[in-house]
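Coming up is one lone chain in structure tokens, specifically the form predicted alone.
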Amino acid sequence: MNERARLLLELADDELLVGWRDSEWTGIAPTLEEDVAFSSIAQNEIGHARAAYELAARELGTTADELAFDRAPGEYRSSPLVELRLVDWAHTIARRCLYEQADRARIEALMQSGDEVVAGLARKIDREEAYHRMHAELWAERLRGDPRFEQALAELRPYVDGDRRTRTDDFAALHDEMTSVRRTAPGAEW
């Protein structure tokens, strides 16, 4: 696999999984405003994943759907941070903050790419991610000093730069859920 396809798959896998995990808060976030915000952010992230999968698919001679939903668990290149199933708000917000910091650095690097197609995609994603970063920064400011939030940041920080070649324990159930439609209706499209 060439470097371009690898970078696109890492981006797409991260965006798909963090979007999926954020969508798990739909209907149960602590406030209606956060329910709507997380649902919107999840939808954006999954849309970013789709765009990156489409570019990678052209490189790899496949389809975005096949890349997103037909690969074996070991073939994903997601950050361990996005795979984790987090059931409390402090950890969820900590992940959002840590993810947005790491994603900002990646998107800024991709915008500087000599590959205009990749740089253009990164610029488009960055425009939407600006709102995600603002949301995370507002929550970080609000929760700064809260022991639960500070503990969550400390616990999750090692997952940011974790090994993208191995899956967390939480990934198997997530993969099973994400790929269930493709398994029950082969050829189903995104």
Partner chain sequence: MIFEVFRQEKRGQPFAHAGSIEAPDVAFAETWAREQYGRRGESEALWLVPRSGVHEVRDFPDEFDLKYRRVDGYSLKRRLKEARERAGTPPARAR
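Residue numbers count along the first chain shown, from 1. In this text the structure is predicted, and so the values were computed from the model without any measurement.
Quick note: we don't show the form predicted in complex with the partner chain, though the next part is all about it.
The stretch in contact with the partner chain in the predicted complex, judged by heavy atoms within 4.5 Å, is 28-36, chosen from 50-58, 118-126, 159-167, 28-36. Of the heavy atoms in residue 67, none are within 4.5 Å of the partner chain in the predicted complex.
Although the partner is absent here, residue 138 sits close enough that one of its heavy atoms falls within 4.5 Å of the partner chain in the predicted complex.
Heavy atoms of residue 63 never reach within 4.5 Å of the partner chain in the predicted complex, leaving it off the interface. Of the heavy atoms in residue 134, some are within 4.5 Å of the partner chain in the predicted complex.
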